[in-house]
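Okay, so here's just one chain, in structure tokens, the form predicted alone.
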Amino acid sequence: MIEVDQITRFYGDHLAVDNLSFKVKKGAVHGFLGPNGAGKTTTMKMLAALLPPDSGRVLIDSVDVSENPREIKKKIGILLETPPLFMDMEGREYLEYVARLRTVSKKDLKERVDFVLEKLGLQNFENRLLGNLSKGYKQKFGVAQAIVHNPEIVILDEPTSGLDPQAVMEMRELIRGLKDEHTVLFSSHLLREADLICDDVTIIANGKLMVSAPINEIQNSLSEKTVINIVTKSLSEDSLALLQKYPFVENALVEQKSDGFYIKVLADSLVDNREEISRFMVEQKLGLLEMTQEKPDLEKIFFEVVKRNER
């Protein structure tokens, strides 16, 4: 449904997207993942014909986006970082307005608005001013405007950003439900989210492709690896360098917090190496507070592929 072929985009001298290629299958929920500033929003704007690539091309259902932007926009519904709401409009009034902009016919307009209100559980808010709604419901109306014209492709950019836990769970269920009728491209920097929602993932960092594949295929490629989570009172650069010299350690990522150093070690081994590491921590007098070992989930996969490609 979507084919991205070697697209590049500059903002002045800044390279935002660097020779990026990936594909999205029809009927899939495809996770587009990467840290903040990775180039996700820029890429999505190029896919939606809102921003031209400096080089390369994007094909939507075999149609070149740059050559046929008007045709492409009919096929796509999009929610970027902030829902494009008119805060002085009521919910139904707003969706009818968007549907008319999206050239939904008069005879189909009420049916489409009724459908999205019911699908997103917004019936009780159709006569409320959008400006008076919670952030979660504003976000739902943002999704509603993206699907009111029944597009083939729905692009959602960080749709759970800033939501409370209950609203995040509801948004996840909503996105999973869109798969029945649309191809969904869903961006996030929260990798656990994509693990719960997506069929396939594309991971980028610094505008470059890290990996693009089905989640289970990536997980299987890491089936012989484990992640060791360590918390210590202190950590020096020399101690970290010595830790990374262990033959089973592929790499280590460190985050310093107020209560200590949080170390994620990707181990190229299914063996439990915690006893060996704990001896090392005692010898280095690092003040070992906690250590667990687990199989990699998508967050650990992201950590592994990004760090590997930064070498």
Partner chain sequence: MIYLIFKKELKSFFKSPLAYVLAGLFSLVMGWIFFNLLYSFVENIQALPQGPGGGELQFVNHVVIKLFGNLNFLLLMICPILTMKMFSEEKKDQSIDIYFSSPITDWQLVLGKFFASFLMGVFILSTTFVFPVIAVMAGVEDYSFSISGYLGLFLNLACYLSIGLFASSITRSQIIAALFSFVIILGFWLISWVIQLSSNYFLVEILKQATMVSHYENLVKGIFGTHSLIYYITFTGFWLYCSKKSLESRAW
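Positions refer to the first chain, counted from 1. Because the structure is a prediction, the values reported are computed rather than measured.
Separately, the form predicted in complex with its partner chain exists; it is not shown, and the next lines address it.
Between the options A241, L190, A213, L101, the residue in contact with its partner chain in the predicted bound form by a heavy atom within 4.5 angstroms is L101. For the candidate set K74, K233, R128, R176, a heavy atom within 4.5 Å of its partner chain in the predicted bound form is found for exactly one residue, namely K74. Within 4.5 Å of its partner chain in the predicted bound form, a heavy atom is found for all three of L51, Y94 and Y97. When its partner chain is considered in the predicted bound form, T183 lies well away from it, no heavy atom lying within 4.5 Å.
Its partner chain in the predicted bound form comes within 4.5 Å of no heavy atom belonging to I203. The shortest heavy atom separation between T160 and its partner chain in the predicted bound form exceeds 4.5 Å. Although the partner is absent here, L156 is not a contact residue: none of its heavy atoms lies within 4.5 angstroms of its partner chain in the predicted bound form.
Picking from 110-118, 205-213, 82-90, 167-175 the stretch near its partner chain in the predicted bound form, with a 4.5 Å limit on heavy atoms, gives 82-90.
In the predicted bound form, just one residue of 3-32 lies within 4.5 Å of its partner chain by at least one heavy atom: R9.
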